[in-house]
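Single chain ahead, written as structure tokens, the form predicted on its own.
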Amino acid sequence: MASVAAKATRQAFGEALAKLGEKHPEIVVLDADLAKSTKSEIFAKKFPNRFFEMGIAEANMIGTAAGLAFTGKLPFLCSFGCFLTGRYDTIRLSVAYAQANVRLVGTHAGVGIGDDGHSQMGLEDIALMRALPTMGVFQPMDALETEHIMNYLVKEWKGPAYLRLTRQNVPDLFPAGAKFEPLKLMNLRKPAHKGGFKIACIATGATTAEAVQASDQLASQGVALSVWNAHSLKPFDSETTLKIAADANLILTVEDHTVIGGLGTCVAETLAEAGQKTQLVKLGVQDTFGESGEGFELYEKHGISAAEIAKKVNQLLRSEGKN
């Protein structure tokens, strides 16, 4: 896994939620018997009268949250991402179709959760949520970006939104003093300006740290890999993506999610709709279920660790006769 771990985005979410609760009395929180894991317990301890423990009854929680939204409240409902999307029909009708101003918070995303295994790994959640009209889909790369997204979801975003968070700690990546631009890709490693075959990487969530570390490893070998972070999967920043594509020979996407319907698909749709012929390679879980194991082992197996990303870049360059 990438460098020194700082904080899980679920922890940053819990802390930001409790802080926002001070100035926004309309915020209420619902959880499905997982408050300790989702970190909504931080809000619960501070505002017990605005926290609702719904038990292991996610469908009921979703319907209740929608009802609260229509009374003027701003509900954050929390559970593991795979458990929320397991109640997809309720989300579809009670939240998305109704355009309820609800924030669905799915923690324990991806194979990065490790030992809990496939039954608790949200690997299709982005694809499912992206498919719903009116639904926004967000995934921060680190703690500070989580805080920025939380502020945006409370103060600016209207309508349903899905927030995807990590169980594992992730390094701090958001540049000190940098401005948060909602819905826009952020450049973390500069693109190469010299000639030659250029590869640009777009990553999201926990794998952004892996991509950044891969870029640093490659730089020590004299290989340039630009890295961009995507915190918004819907709406997706097609404008910046096309600018990246215009300056690159190949785009590499990296995500802890199935390669079907996630970040890679966002980029593929953008390129195809614009008639842009830049080559695309998607790294992620390749149409399979997850399994138990250490998070770093699973990242290695699925080709989304820093070492595997760097290896893939070198393979791509060799296939082009550039390395």
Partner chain sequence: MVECVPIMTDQELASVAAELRIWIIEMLTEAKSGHPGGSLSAIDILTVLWFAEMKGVSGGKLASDRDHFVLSKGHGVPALYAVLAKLGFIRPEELKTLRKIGSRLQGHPDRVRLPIVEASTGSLGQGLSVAQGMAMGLKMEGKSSRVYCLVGDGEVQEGQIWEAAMSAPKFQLSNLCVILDQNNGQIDGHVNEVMPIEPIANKWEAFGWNVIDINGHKISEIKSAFEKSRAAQNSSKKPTLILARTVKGKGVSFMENNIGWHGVAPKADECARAIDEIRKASRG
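Residue numbers count along the first chain shown, from 1. The structure displayed is predicted, hence computed values, not measured ones.
The form predicted in complex with its partner chain exists for this protein as well; it is not shown, and the discussion that follows is about that form.
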Exercise. Hey, in the model of the complex, does L68 get a heavy atom within 4.5 angstroms of its partner chain?
Worked result: yes
Exercise. Quick one: does A98 come within 4.5 Å of its partner chain in the model of the complex, counting heavy atoms only?
Worked result: yes
Exercise. Does its partner chain get within 4.5 angstroms of any non-hydrogen atom of F296 in the model of the complex?
Worked result: no
Exercise. For A57, is any heavy atom within 4.5 Å of its partner chain in the model of the complex, or not?
Worked result: yes
Exercise. Taking its partner chain in the model of the complex as the reference, which of R189, K184, R130, K73 has a non-hydrogen atom within 4.5 Å?
Worked result: K73
Problem set entry | Selected contact from T270, S37, T64, T278, since only one has a non-hydrogen atom within 4.5 angstroms of its partner chain in the model of the complex | T64
Exercise. Exactly one stretch in 239-247, 217-225, 90-98, 120-128 has heavy atoms within 4.5 Å of its partner chain in the model of the complex; which is it?
Worked result: 90-98
For this session: Taking its partner chain as it sits in the model of the complex, which residues of 40-54 have a non-hydrogen atom within 4.5 Å of it? Please list them.
Result: N49, R50, F52, E53, M54
